[in-house]
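The chain below stands alone, shown as structure tokens; this is the form predicted on its own.
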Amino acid sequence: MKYFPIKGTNLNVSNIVMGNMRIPQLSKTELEKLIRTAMEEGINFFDHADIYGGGESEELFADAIEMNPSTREKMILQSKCGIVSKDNYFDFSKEHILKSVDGILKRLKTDYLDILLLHRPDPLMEPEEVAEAFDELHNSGKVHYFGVSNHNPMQIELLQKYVSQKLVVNQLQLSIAHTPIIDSGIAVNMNIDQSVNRDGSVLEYCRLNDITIQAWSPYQNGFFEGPFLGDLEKFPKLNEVIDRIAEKYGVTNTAIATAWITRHPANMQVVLGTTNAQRLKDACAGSEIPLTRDEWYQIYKAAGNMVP
């Protein structure tokens, strides 16, 4: 397992993250096995959100692992807030952020979060309120570090103008079959759809500002349109190339899909959504596979992307 420090923190993190969105479908025994497997594979970073399972995911996680101080110190816990799932809107008010964190801590049975992310941009955000909430959470010790999820550069700039703590993480969707944060940078100055910059060069912005990118849905095609691995109808060429490279390295296609992201010099973390212990192991095998530059581009092009 590869580890690296998140800049601006004292956290040394695994580049593979166990995501906990889908864990309510597991029994307590199955979930305990999944968490133990993750830790045995070297994962030390666990991602949550207060909307996952309506908050149930955090509670189930803590119960399955029998959270206690000894276990807690071996884990880096991150959670997200800002989405009001019942009514489907976003809320970055001070009151909502503080209330959300108290609920998260109670469900996770811990006194603090290592990182809190604001989940999706709230156009009604008043950054001064966010700053007040972050100061209160940081000064009380409830949250050590802060970041965002699904934010573009100017949204981050607006927040950072008021927030005194450095924003250290941006969680963004990225997989071989969903590469908008990469595409326009490859097709600069061309009159094609791939050249359209839809996110304000967020990849380059995060690298310039020492913000760690966490890639979510690393095996999904588009916005929850299903996995691309094994989909021979939509992605025959991509699966052919991935399978060939997987055979070369003696790993599964899941490991290669993971390695395609970890190969990027931005030092990204890959957020897994699997509830299958073997698939989690397969993904972890991609933590340090040294894909060549040629192999990385072969995979990118096989997904249907153009390289000028």
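Don't overthink the numbering: it's just position in the shown sequence, from 1. All of these numbers come straight from a predicted model, not from anything done at the bench.
The same protein also has a form predicted in complex with a small molecule, omitted here; what follows describes it.
Of the candidate stretches 219-227, 156-164, 197-205, 94-102, only 219-227 contains residues with a heavy atom within 4.5 Å of the small molecule in the predicted bound form. Taking a 4.5 Å heavy atom cutoff to the small molecule in the predicted bound form, the contact residue among I256, L272, I35, I43 is L272. When you look in the predicted bound form, the only residue of N152, T179, N209, S149 with a non-hydrogen atom within 4.5 Å of the small molecule is S149. When contacts are judged by a 4.5 Å heavy atom cut-off, Q171 counts as touching the small molecule in the predicted bound form. Taking non-hydrogen atoms only, K248 never approaches the small molecule to within 4.5 angstroms in the predicted bound form. The closest non-hydrogen atom of N267 lies beyond 4.5 Å of the small molecule in the predicted bound form.
Taking the partner from elsewhere, G286 is found to have every heavy atom lying beyond 4.5 Å of the small molecule in the predicted bound form.
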